[in-house]
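Let's start with one chain on its own, the form predicted alone, as C-alpha cells.
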C-alpha cells in the first residue's frame, strides 16, 4: 500500500550544495641566458600588471633562483597568460618560457 500524502508526515530534508573555490594555477616564468631583464620587466608590467617595483622583485627572483611565480589565476586565464608571454618573447626573438602548475 502506498503512503497517503495527507497522513505521511515524514521529515523533509533540504540539501545544500557546497560551493568550492575554483582551482587556481600559478604562472611561472623560467630563467634563460638570453632574455634581457628589461624584456622580463616589460612582460611583468604589461601581461601581469605588476608595478615597476613588484616587477623588479619578480624579475630578480627569476634571475637569481631560476624561476618565479607571477600570479595565480583560473586555468583559462593562466593558459592565456602563458601563451601571451611566449608569443611576445617569440616576436622579440627571446626564448623566455612560462609555464603553469596547479596551486
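This one's a predicted model, so the numbers in the text were calculated from it and none came from an experiment. Numbering follows the first chain given and starts at 1.
There is another form of the same protein, the form predicted together with L-tyrosinamide (TYC); it is not shown, and what comes next is about it.
L-tyrosinamide (TYC) in the predicted bound form is approached by residue 36, whose closest heavy atom lies within 4.5 angstroms of it. Although the partner is absent here, residue 29 lies within 4.5 Å of L-tyrosinamide (TYC) in the predicted bound form, judged by heavy atoms. Within 4.5 Å of any heavy atom of L-tyrosinamide (TYC) in the predicted bound form lies no heavy atom of residue 78.
Although the partner is absent here, residue 100 lies well away from L-tyrosinamide (TYC) in the predicted bound form, with no heavy atom inside 4.5 Å. Against L-tyrosinamide (TYC) in the predicted bound form, the set 47, 83 and 88 makes no contact: no member has a heavy atom within 4.5 Å.
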